[in-house]
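Below: one protein chain in two forms, given as C-alpha coordinates, structure 1 then structure 2.
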Structure 1
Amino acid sequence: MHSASIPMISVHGLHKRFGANQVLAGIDLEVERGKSLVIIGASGSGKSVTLKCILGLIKPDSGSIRIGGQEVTGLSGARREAYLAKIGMLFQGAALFDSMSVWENVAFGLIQARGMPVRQAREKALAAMEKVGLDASIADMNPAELSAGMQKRAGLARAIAPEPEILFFDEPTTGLDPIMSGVINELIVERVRDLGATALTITHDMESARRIGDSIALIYQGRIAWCGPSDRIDDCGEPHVDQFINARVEGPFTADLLRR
(Lines of atoms letter the chains of each structure in order from A and count residues from 1; the text may use other names and numbers.)
(Lines give C-alpha, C1' and ligand atoms only; values in the text may rest on other atoms or scores of the structure.)
Protein backbone atom coordinates (compact mmCIF):
# COMPACT_ATOMS: atom_id res chain seq x y z
CA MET A 1 0.00 0.00 0.00
CA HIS A 2 1.29 3.43 -0.94
CA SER A 3 2.22 5.48 2.13
CA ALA A 4 -0.07 8.34 1.05
CA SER A 5 -3.08 6.02 1.34
CA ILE A 6 -2.19 4.83 4.85
CA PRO A 7 -4.06 6.82 7.54
CA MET A 8 -1.76 8.94 9.67
CA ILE A 9 -3.70 7.93 12.79
CA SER A 10 -5.48 4.59 12.97
CA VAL A 11 -7.11 3.29 16.16
CA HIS A 12 -8.92 -0.06 16.26
CA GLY A 13 -10.60 -1.94 19.08
CA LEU A 14 -9.25 0.30 21.83
CA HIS A 15 -10.32 -0.82 25.31
CA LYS A 16 -9.47 0.71 28.67
CA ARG A 17 -10.93 -0.05 32.08
CA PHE A 18 -10.23 1.67 35.41
CA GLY A 19 -11.41 -0.73 38.08
CA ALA A 20 -15.09 -1.38 37.46
CA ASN A 21 -15.37 1.57 35.07
CA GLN A 22 -15.13 0.55 31.41
CA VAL A 23 -14.14 3.88 29.82
CA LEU A 24 -13.23 2.69 26.33
CA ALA A 25 -15.14 -0.28 24.92
CA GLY A 26 -13.78 -0.62 21.40
CA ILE A 27 -12.86 2.77 19.94
CA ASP A 28 -12.33 2.70 16.15
CA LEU A 29 -11.24 5.82 14.27
CA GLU A 30 -8.95 6.92 11.46
CA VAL A 31 -7.51 10.28 10.45
CA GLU A 32 -6.14 10.69 6.94
CA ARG A 33 -2.86 12.50 6.38
CA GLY A 34 -3.31 16.26 6.41
CA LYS A 35 -6.88 16.04 7.73
CA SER A 36 -8.40 17.23 11.00
CA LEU A 37 -10.65 15.08 13.19
CA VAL A 38 -12.50 16.44 16.21
CA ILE A 39 -13.76 14.09 18.94
CA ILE A 40 -16.78 15.31 20.90
CA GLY A 41 -18.76 13.75 23.73
CA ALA A 42 -20.12 14.29 27.22
CA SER A 43 -17.83 14.78 30.19
CA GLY A 44 -16.35 11.44 31.23
CA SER A 45 -17.12 9.82 27.88
CA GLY A 46 -13.50 8.86 27.19
CA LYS A 47 -12.24 11.68 24.99
CA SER A 48 -9.20 12.45 27.12
CA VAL A 49 -8.46 8.77 27.76
CA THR A 50 -8.46 8.14 24.01
CA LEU A 51 -6.02 10.98 23.46
CA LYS A 52 -3.76 9.84 26.32
CA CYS A 53 -3.70 6.31 24.92
CA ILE A 54 -2.61 7.61 21.50
CA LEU A 55 0.09 9.72 23.17
CA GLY A 56 1.28 6.72 25.18
CA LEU A 57 0.50 8.38 28.53
CA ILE A 58 -1.96 5.58 29.31
CA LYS A 59 -1.54 1.96 28.25
CA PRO A 60 -4.73 0.52 26.74
CA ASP A 61 -5.95 -2.89 27.90
CA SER A 62 -6.24 -4.00 24.29
CA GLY A 63 -6.43 -2.63 20.77
CA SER A 64 -4.18 -1.20 18.11
CA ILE A 65 -2.83 2.33 17.63
CA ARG A 66 -0.92 2.93 14.41
CA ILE A 67 0.77 6.15 13.35
CA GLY A 68 1.64 6.25 9.67
CA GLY A 69 1.14 2.49 9.60
CA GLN A 70 3.48 1.81 12.54
CA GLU A 71 2.15 0.22 15.71
CA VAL A 72 2.99 2.55 18.61
CA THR A 73 1.40 0.88 21.63
CA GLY A 74 4.08 -0.13 24.07
CA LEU A 75 6.90 1.87 22.49
CA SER A 76 9.79 2.75 24.78
CA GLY A 77 13.20 4.34 24.72
CA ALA A 78 14.49 5.78 21.46
CA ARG A 79 11.52 4.50 19.45
CA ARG A 80 9.08 6.32 21.72
CA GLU A 81 11.16 9.51 21.56
CA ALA A 82 11.19 9.31 17.74
CA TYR A 83 7.40 8.93 17.74
CA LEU A 84 6.85 11.86 20.12
CA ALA A 85 9.14 14.03 17.98
CA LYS A 86 6.46 13.91 15.27
CA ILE A 87 3.86 15.41 17.60
CA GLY A 88 2.92 18.91 18.74
CA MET A 89 0.46 19.32 21.60
CA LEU A 90 -1.68 22.22 22.81
CA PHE A 91 -2.74 21.38 26.34
CA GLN A 92 -5.90 22.48 28.07
CA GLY A 93 -5.06 25.70 29.90
CA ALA A 94 -1.87 26.04 27.79
CA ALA A 95 0.22 24.40 30.59
CA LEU A 96 3.09 26.86 30.40
CA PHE A 97 6.00 26.58 32.83
CA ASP A 98 5.93 29.48 35.34
CA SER A 99 9.70 29.27 35.88
CA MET A 100 10.46 29.97 32.22
CA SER A 101 9.99 33.04 30.05
CA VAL A 102 7.49 32.99 27.22
CA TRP A 103 10.10 32.29 24.54
CA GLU A 104 11.71 29.56 26.66
CA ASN A 105 8.31 27.89 26.94
CA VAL A 106 7.83 28.05 23.18
CA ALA A 107 11.34 26.70 22.58
CA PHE A 108 11.10 23.98 25.23
CA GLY A 109 10.68 21.05 22.83
CA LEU A 110 13.32 22.37 20.46
CA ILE A 111 15.94 22.55 23.20
CA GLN A 112 14.99 19.62 25.44
CA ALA A 113 13.82 17.06 22.89
CA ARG A 114 15.85 18.03 19.83
CA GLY A 115 18.97 19.49 21.40
CA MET A 116 18.79 22.66 19.31
CA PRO A 117 21.30 25.39 20.25
CA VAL A 118 19.68 28.07 22.40
CA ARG A 119 20.22 30.95 19.94
CA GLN A 120 18.67 28.99 17.06
CA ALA A 121 15.82 27.80 19.28
CA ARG A 122 15.05 31.39 20.32
CA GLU A 123 14.87 32.45 16.66
CA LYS A 124 12.45 29.62 15.86
CA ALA A 125 10.43 30.41 18.98
CA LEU A 126 10.07 34.06 17.97
CA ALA A 127 9.03 32.98 14.46
CA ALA A 128 6.40 30.65 15.90
CA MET A 129 5.15 33.41 18.19
CA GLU A 130 4.77 35.74 15.23
CA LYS A 131 2.65 33.12 13.45
CA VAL A 132 0.15 33.17 16.31
CA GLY A 133 0.11 36.95 16.66
CA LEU A 134 2.45 37.34 19.64
CA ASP A 135 4.93 40.21 19.47
CA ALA A 136 8.61 39.65 20.22
CA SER A 137 8.34 42.30 22.94
CA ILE A 138 6.71 39.75 25.27
CA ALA A 139 9.33 37.05 24.69
CA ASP A 140 11.12 37.63 27.98
CA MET A 141 7.99 38.10 30.05
CA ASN A 142 6.70 35.56 32.56
CA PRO A 143 3.61 33.58 31.45
CA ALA A 144 1.73 34.89 34.50
CA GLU A 145 1.96 38.39 32.98
CA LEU A 146 -0.05 37.30 29.94
CA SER A 147 -3.80 37.19 29.46
CA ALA A 148 -5.51 33.81 29.10
CA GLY A 149 -5.75 34.30 25.33
CA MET A 150 -2.06 35.16 25.04
CA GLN A 151 -1.14 32.15 27.15
CA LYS A 152 -3.18 29.93 24.85
CA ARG A 153 -1.45 31.41 21.80
CA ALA A 154 1.94 30.83 23.44
CA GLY A 155 0.91 27.21 23.98
CA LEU A 156 -0.03 26.98 20.30
CA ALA A 157 3.32 28.52 19.31
CA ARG A 158 5.08 25.85 21.39
CA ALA A 159 3.08 23.13 19.63
CA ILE A 160 3.93 24.32 16.11
CA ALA A 161 7.54 25.43 16.69
CA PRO A 162 9.05 21.99 15.93
CA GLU A 163 6.95 21.80 12.71
CA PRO A 164 5.34 18.47 13.70
CA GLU A 165 3.55 16.02 11.44
CA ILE A 166 0.72 15.59 13.95
CA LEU A 167 -0.97 18.14 16.20
CA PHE A 168 -3.14 17.29 19.20
CA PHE A 169 -5.46 19.88 20.75
CA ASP A 170 -6.99 19.29 24.18
CA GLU A 171 -10.03 21.54 24.74
CA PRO A 172 -8.30 24.45 22.93
CA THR A 173 -10.90 27.11 23.81
CA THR A 174 -11.65 26.24 27.44
CA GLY A 175 -11.72 29.34 29.65
CA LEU A 176 -11.74 31.81 26.76
CA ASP A 177 -14.42 34.32 25.84
CA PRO A 178 -16.29 33.79 22.54
CA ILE A 179 -14.18 36.31 20.60
CA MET A 180 -10.83 34.87 21.73
CA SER A 181 -12.18 31.36 21.15
CA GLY A 182 -12.83 32.37 17.56
CA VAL A 183 -9.29 33.76 17.25
CA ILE A 184 -7.79 30.50 18.57
CA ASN A 185 -9.97 28.43 16.23
CA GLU A 186 -8.83 30.46 13.22
CA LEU A 187 -5.17 30.25 14.26
CA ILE A 188 -5.42 26.47 14.65
CA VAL A 189 -6.96 26.08 11.19
CA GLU A 190 -4.34 28.32 9.58
CA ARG A 191 -1.32 26.76 11.31
CA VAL A 192 -2.47 23.18 10.67
CA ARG A 193 -2.94 24.06 7.01
CA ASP A 194 0.44 25.80 6.78
CA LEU A 195 2.22 22.78 8.26
CA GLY A 196 0.23 20.25 6.25
CA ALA A 197 -0.16 18.44 9.56
CA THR A 198 -2.70 15.86 10.66
CA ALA A 199 -4.77 17.11 13.60
CA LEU A 200 -6.80 15.46 16.35
CA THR A 201 -8.82 17.64 18.72
CA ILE A 202 -10.98 16.80 21.72
CA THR A 203 -13.56 19.37 22.75
CA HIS A 204 -17.09 19.92 23.98
CA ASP A 205 -17.25 23.29 22.16
CA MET A 206 -19.31 22.80 19.01
CA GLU A 207 -18.16 26.12 17.53
CA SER A 208 -14.58 24.82 17.71
CA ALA A 209 -15.57 21.41 16.39
CA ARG A 210 -17.30 22.82 13.34
CA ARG A 211 -14.48 25.27 12.55
CA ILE A 212 -11.48 23.03 13.21
CA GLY A 213 -12.66 19.64 12.01
CA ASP A 214 -12.86 18.22 8.51
CA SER A 215 -14.72 15.43 10.29
CA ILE A 216 -16.28 14.96 13.72
CA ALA A 217 -16.66 11.82 15.83
CA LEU A 218 -18.95 11.43 18.85
CA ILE A 219 -17.99 9.08 21.68
CA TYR A 220 -20.82 7.39 23.59
CA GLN A 221 -20.44 4.54 26.11
CA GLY A 222 -16.84 3.98 25.11
CA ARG A 223 -17.44 3.63 21.37
CA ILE A 224 -17.76 5.92 18.38
CA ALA A 225 -21.49 6.47 17.98
CA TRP A 226 -21.11 8.54 14.79
CA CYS A 227 -18.29 9.84 12.61
CA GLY A 228 -18.63 11.86 9.47
CA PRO A 229 -17.90 15.13 7.67
CA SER A 230 -18.37 18.19 9.87
CA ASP A 231 -20.78 19.75 7.38
CA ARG A 232 -23.09 16.73 7.70
CA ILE A 233 -23.40 16.65 11.47
CA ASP A 234 -26.60 18.74 11.65
CA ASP A 235 -28.59 16.32 9.50
CA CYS A 236 -26.86 13.03 10.32
CA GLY A 237 -29.97 11.59 12.01
CA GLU A 238 -28.07 10.05 14.94
CA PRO A 239 -30.04 10.74 18.17
CA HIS A 240 -26.96 11.07 20.44
CA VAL A 241 -25.44 13.60 18.04
CA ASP A 242 -28.73 15.50 17.78
CA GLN A 243 -29.04 15.84 21.56
CA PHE A 244 -25.40 16.82 22.03
CA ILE A 245 -25.07 19.46 19.32
CA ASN A 246 -28.42 21.06 20.17
CA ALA A 247 -27.93 20.86 23.97
CA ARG A 248 -31.30 19.19 24.39
CA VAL A 249 -32.31 18.18 27.92
CA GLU A 250 -34.22 15.12 26.73
CA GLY A 251 -32.48 12.39 24.78
CA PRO A 252 -30.36 9.23 25.03
CA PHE A 253 -27.60 10.95 27.04
CA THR A 254 -29.92 12.07 29.85
CA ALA A 255 -30.32 8.78 31.74
CA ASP A 256 -26.55 8.29 31.80
CA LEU A 257 -25.88 11.81 33.07
CA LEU A 258 -28.44 11.49 35.88
CA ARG A 259 -26.70 8.34 37.16
CA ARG A 260 -23.42 10.24 37.76
Structure 2
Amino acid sequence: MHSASIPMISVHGLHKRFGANQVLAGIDLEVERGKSLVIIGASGSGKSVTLKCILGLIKPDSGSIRIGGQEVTGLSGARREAYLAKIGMLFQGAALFDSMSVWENVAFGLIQARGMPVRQAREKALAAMEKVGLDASIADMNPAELSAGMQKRAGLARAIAPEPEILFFDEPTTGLDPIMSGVINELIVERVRDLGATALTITHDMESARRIGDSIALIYQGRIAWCGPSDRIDDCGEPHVDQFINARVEGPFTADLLRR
Protein backbone atom coordinates (compact mmCIF):
# COMPACT_ATOMS: atom_id res chain seq x y z
CA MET A 1 0.00 0.00 0.00
CA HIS A 2 1.19 3.51 -0.74
CA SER A 3 1.95 5.38 2.45
CA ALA A 4 -0.04 8.44 1.40
CA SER A 5 -3.22 6.40 1.50
CA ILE A 6 -2.74 5.42 5.14
CA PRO A 7 -4.20 8.05 7.46
CA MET A 8 -1.64 9.55 9.85
CA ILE A 9 -4.02 9.24 12.79
CA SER A 10 -6.83 6.78 12.82
CA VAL A 11 -8.98 6.02 15.83
CA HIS A 12 -11.71 3.40 15.88
CA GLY A 13 -14.29 2.51 18.49
CA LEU A 14 -12.48 4.27 21.32
CA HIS A 15 -14.19 3.67 24.67
CA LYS A 16 -13.24 5.08 28.04
CA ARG A 17 -15.13 5.08 31.29
CA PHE A 18 -14.19 6.63 34.63
CA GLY A 19 -16.24 4.83 37.29
CA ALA A 20 -19.86 5.32 36.27
CA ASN A 21 -18.96 8.11 33.87
CA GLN A 22 -18.83 6.74 30.30
CA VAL A 23 -16.79 9.53 28.75
CA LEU A 24 -15.96 8.01 25.36
CA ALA A 25 -18.44 5.60 23.79
CA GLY A 26 -16.96 4.74 20.41
CA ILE A 27 -14.95 7.62 18.97
CA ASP A 28 -14.02 7.22 15.30
CA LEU A 29 -11.55 9.69 13.81
CA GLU A 30 -9.23 9.88 10.85
CA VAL A 31 -6.71 12.55 9.97
CA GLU A 32 -4.86 12.36 6.68
CA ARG A 33 -1.15 13.08 6.57
CA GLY A 34 -0.58 16.83 6.30
CA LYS A 35 -4.15 17.72 7.26
CA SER A 36 -5.56 19.52 10.24
CA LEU A 37 -8.58 18.33 12.20
CA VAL A 38 -10.29 20.45 14.81
CA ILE A 39 -12.35 18.84 17.57
CA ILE A 40 -15.10 20.88 19.13
CA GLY A 41 -17.55 19.94 21.82
CA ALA A 42 -19.04 20.99 25.12
CA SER A 43 -16.91 21.36 28.19
CA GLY A 44 -16.47 17.95 29.80
CA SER A 45 -17.41 16.03 26.66
CA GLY A 46 -14.11 14.13 26.56
CA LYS A 47 -11.98 16.09 24.12
CA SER A 48 -8.90 16.14 26.32
CA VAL A 49 -9.42 12.49 27.26
CA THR A 50 -9.47 11.56 23.56
CA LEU A 51 -6.13 13.28 23.00
CA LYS A 52 -4.61 11.67 26.07
CA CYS A 53 -5.78 8.24 24.91
CA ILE A 54 -4.05 8.76 21.56
CA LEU A 55 -0.88 9.75 23.41
CA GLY A 56 -1.15 6.67 25.62
CA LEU A 57 -1.37 8.80 28.77
CA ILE A 58 -4.79 7.32 29.54
CA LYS A 59 -5.39 3.66 28.84
CA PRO A 60 -8.60 3.25 26.83
CA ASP A 61 -11.05 0.48 27.76
CA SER A 62 -11.29 -0.64 24.15
CA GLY A 63 -10.72 0.58 20.63
CA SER A 64 -7.89 0.88 18.18
CA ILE A 65 -5.48 3.77 17.69
CA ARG A 66 -3.13 3.80 14.73
CA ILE A 67 -0.40 6.33 14.08
CA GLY A 68 0.96 6.14 10.54
CA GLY A 69 -0.67 2.73 10.20
CA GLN A 70 0.92 1.30 13.34
CA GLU A 71 -1.25 0.18 16.23
CA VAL A 72 -0.03 2.10 19.29
CA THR A 73 -2.37 1.00 22.09
CA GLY A 74 -0.38 -1.02 24.57
CA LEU A 75 3.03 -0.08 23.17
CA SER A 76 5.72 0.33 25.79
CA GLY A 77 9.39 1.04 26.21
CA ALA A 78 11.53 2.12 23.28
CA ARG A 79 8.75 1.57 20.73
CA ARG A 80 6.44 3.86 22.65
CA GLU A 81 9.14 6.50 22.92
CA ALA A 82 9.73 6.23 19.17
CA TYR A 83 6.11 7.06 18.35
CA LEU A 84 5.93 9.76 21.01
CA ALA A 85 9.00 11.40 19.48
CA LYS A 86 6.88 12.03 16.36
CA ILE A 87 4.28 13.94 18.37
CA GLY A 88 4.29 17.39 19.94
CA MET A 89 1.62 18.17 22.49
CA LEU A 90 0.35 21.38 24.01
CA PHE A 91 -1.51 20.65 27.24
CA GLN A 92 -4.64 22.53 28.22
CA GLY A 93 -2.87 23.82 31.34
CA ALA A 94 0.48 24.27 29.53
CA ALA A 95 2.16 21.82 32.00
CA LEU A 96 5.50 23.61 31.96
CA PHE A 97 8.24 22.11 34.15
CA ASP A 98 8.50 24.51 37.06
CA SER A 99 11.95 23.27 38.05
CA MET A 100 13.41 24.73 34.84
CA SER A 101 13.61 28.11 33.16
CA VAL A 102 11.37 28.95 30.21
CA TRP A 103 14.01 28.29 27.56
CA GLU A 104 15.03 24.98 29.18
CA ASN A 105 11.38 23.97 28.96
CA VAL A 106 11.23 24.83 25.29
CA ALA A 107 14.56 23.11 24.60
CA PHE A 108 13.71 20.01 26.65
CA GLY A 109 12.64 17.80 23.76
CA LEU A 110 15.62 18.89 21.68
CA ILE A 111 18.15 18.11 24.41
CA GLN A 112 16.63 15.01 26.02
CA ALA A 113 14.98 13.22 23.13
CA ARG A 114 17.17 14.45 20.25
CA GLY A 115 20.44 14.76 22.11
CA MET A 116 21.12 18.19 20.63
CA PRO A 117 24.02 20.19 22.15
CA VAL A 118 22.79 22.68 24.71
CA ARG A 119 23.96 25.83 22.93
CA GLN A 120 22.32 24.86 19.66
CA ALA A 121 19.15 23.81 21.48
CA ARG A 122 18.99 27.18 23.21
CA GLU A 123 19.17 28.95 19.87
CA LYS A 124 16.37 26.80 18.47
CA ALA A 125 14.34 27.34 21.62
CA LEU A 126 14.69 31.11 21.31
CA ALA A 127 13.62 30.90 17.68
CA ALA A 128 10.54 28.86 18.64
CA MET A 129 9.72 31.36 21.38
CA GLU A 130 9.95 34.20 18.91
CA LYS A 131 7.46 32.41 16.65
CA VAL A 132 4.86 32.39 19.43
CA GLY A 133 5.57 36.02 20.31
CA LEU A 134 7.68 35.46 23.41
CA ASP A 135 10.59 37.81 23.90
CA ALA A 136 14.09 36.46 24.57
CA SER A 137 14.15 38.54 27.76
CA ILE A 138 11.86 36.04 29.50
CA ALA A 139 13.97 33.04 28.49
CA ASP A 140 15.67 32.75 31.86
CA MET A 141 12.56 33.35 33.93
CA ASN A 142 10.73 30.64 35.81
CA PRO A 143 7.43 29.52 34.25
CA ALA A 144 5.59 30.51 37.45
CA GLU A 145 6.53 34.14 36.76
CA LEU A 146 4.65 34.19 33.43
CA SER A 147 1.03 35.13 32.84
CA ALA A 148 -1.37 32.32 31.88
CA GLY A 149 -1.33 33.35 28.22
CA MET A 150 2.45 33.49 28.17
CA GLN A 151 2.63 30.03 29.76
CA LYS A 152 0.33 28.76 27.07
CA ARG A 153 2.59 30.18 24.37
CA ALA A 154 5.68 28.75 26.05
CA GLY A 155 3.93 25.36 26.05
CA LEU A 156 3.20 25.86 22.37
CA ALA A 157 6.85 26.70 21.69
CA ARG A 158 7.90 23.55 23.56
CA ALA A 159 5.55 21.46 21.41
CA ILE A 160 6.74 22.84 18.06
CA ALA A 161 10.47 23.24 18.81
CA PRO A 162 11.46 19.65 17.87
CA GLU A 163 9.41 20.04 14.63
CA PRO A 164 7.36 16.89 15.14
CA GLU A 165 5.35 15.29 12.36
CA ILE A 166 2.17 15.32 14.43
CA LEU A 167 0.93 18.18 16.58
CA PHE A 168 -1.74 18.05 19.27
CA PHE A 169 -3.05 21.31 20.63
CA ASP A 170 -5.46 21.42 23.54
CA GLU A 171 -7.07 24.86 23.34
CA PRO A 172 -4.09 26.76 21.90
CA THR A 173 -5.79 30.15 21.88
CA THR A 174 -7.68 30.06 25.18
CA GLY A 175 -6.67 32.99 27.36
CA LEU A 176 -4.96 34.89 24.54
CA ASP A 177 -5.91 38.32 23.22
CA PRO A 178 -7.43 38.43 19.70
CA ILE A 179 -4.20 39.55 18.05
CA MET A 180 -2.13 36.83 19.69
CA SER A 181 -4.86 34.28 18.83
CA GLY A 182 -4.49 35.32 15.22
CA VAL A 183 -0.72 34.87 15.40
CA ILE A 184 -1.10 31.38 16.89
CA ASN A 185 -3.70 30.41 14.28
CA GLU A 186 -1.33 31.46 11.52
CA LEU A 187 1.49 29.55 13.17
CA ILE A 188 -0.54 26.34 13.23
CA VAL A 189 -1.63 26.82 9.62
CA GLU A 190 2.00 27.39 8.62
CA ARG A 191 3.13 24.20 10.38
CA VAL A 192 0.51 22.16 8.57
CA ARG A 193 0.49 23.78 5.11
CA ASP A 194 4.20 24.57 4.74
CA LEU A 195 5.93 21.94 6.85
CA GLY A 196 3.49 19.14 6.15
CA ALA A 197 2.71 18.35 9.78
CA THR A 198 -0.52 16.65 10.79
CA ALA A 199 -2.49 18.52 13.44
CA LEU A 200 -5.27 17.70 15.86
CA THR A 201 -6.58 20.72 17.71
CA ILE A 202 -9.18 21.12 20.42
CA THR A 203 -10.79 24.52 20.62
CA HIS A 204 -13.88 26.39 21.73
CA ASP A 205 -12.98 29.31 19.51
CA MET A 206 -15.04 28.90 16.32
CA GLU A 207 -13.09 31.53 14.42
CA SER A 208 -9.91 29.67 15.20
CA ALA A 209 -11.55 26.34 14.29
CA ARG A 210 -12.53 27.61 10.85
CA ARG A 211 -9.12 29.16 10.31
CA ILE A 212 -6.94 26.19 11.19
CA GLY A 213 -9.15 23.18 10.47
CA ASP A 214 -9.31 21.40 7.14
CA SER A 215 -12.14 19.54 8.79
CA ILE A 216 -14.04 19.83 12.04
CA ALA A 217 -15.48 17.11 14.29
CA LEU A 218 -18.03 17.58 17.06
CA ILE A 219 -17.89 15.25 20.06
CA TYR A 220 -21.21 14.61 21.68
CA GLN A 221 -22.14 11.95 24.23
CA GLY A 222 -18.89 10.10 23.72
CA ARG A 223 -19.12 9.87 19.93
CA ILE A 224 -18.35 11.99 16.91
CA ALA A 225 -21.74 13.51 16.16
CA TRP A 226 -20.58 15.21 12.99
CA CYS A 227 -17.37 15.41 11.02
CA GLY A 228 -16.84 17.27 7.78
CA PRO A 229 -14.88 19.93 5.91
CA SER A 230 -14.68 23.18 7.83
CA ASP A 231 -16.28 25.22 5.04
CA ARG A 232 -19.37 23.02 5.17
CA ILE A 233 -20.00 23.41 8.88
CA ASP A 234 -22.52 26.25 8.56
CA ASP A 235 -24.95 24.27 6.42
CA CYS A 236 -24.27 20.78 7.71
CA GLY A 237 -27.84 20.31 8.91
CA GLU A 238 -26.78 18.65 12.16
CA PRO A 239 -28.78 20.32 14.94
CA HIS A 240 -26.06 19.87 17.61
CA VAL A 241 -23.42 21.48 15.41
CA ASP A 242 -25.85 24.22 14.54
CA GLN A 243 -26.54 25.05 18.17
CA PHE A 244 -22.86 24.83 19.08
CA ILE A 245 -21.43 27.10 16.39
CA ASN A 246 -24.18 29.66 16.75
CA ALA A 247 -23.96 29.58 20.56
CA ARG A 248 -27.71 29.29 20.93
CA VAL A 249 -29.14 28.73 24.38
CA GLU A 250 -31.97 26.59 23.06
CA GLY A 251 -31.39 23.50 21.00
CA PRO A 252 -30.66 19.78 21.22
CA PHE A 253 -27.77 20.18 23.75
CA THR A 254 -29.99 21.90 26.29
CA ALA A 255 -32.98 19.70 25.47
CA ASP A 256 -30.90 16.58 26.23
CA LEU A 257 -29.72 18.14 29.48
CA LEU A 258 -33.28 18.84 30.60
CA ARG A 259 -34.46 15.36 29.71
CA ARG A 260 -31.81 13.74 31.96
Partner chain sequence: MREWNFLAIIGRLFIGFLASIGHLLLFTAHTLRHLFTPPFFWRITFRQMLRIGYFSLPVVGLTAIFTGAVLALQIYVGGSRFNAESFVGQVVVISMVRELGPVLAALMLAGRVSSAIAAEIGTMRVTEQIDALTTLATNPFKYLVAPRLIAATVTLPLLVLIADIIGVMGGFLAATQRLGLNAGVYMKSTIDVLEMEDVTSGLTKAAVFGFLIALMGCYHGYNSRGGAQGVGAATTDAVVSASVLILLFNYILTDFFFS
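Sequence positions of structure 1, starting at 1, serve as the residue numbers. From a predicted model like this one, the values you see are computed outputs, not experimental measurements. Note that the rigid core is defined as the largest set of C-alphas that superpose within 1.5 Å between two forms.
Matching the description of the form predicted together with the partner chain is structure 2; structure 1 comes from elsewhere. The listed residues are 48, 145, 87, 138, and the one at the hinge between rigid parts moving between structure 1 and structure 2 turns out to be 87. Domain rotation between structure 1 and structure 2, with the chain taken as two rigid parts and C-alpha atoms superposed, amounts to 15 degrees for the smaller part. We note a C-alpha movement of 4.0 Å at residue 153 between structure 1 and structure 2, with the rigid core held in register.
Comparison between structure 1 and structure 2 places the CA of residue 100 3.2 angstrom away from its other position, after core fitting.
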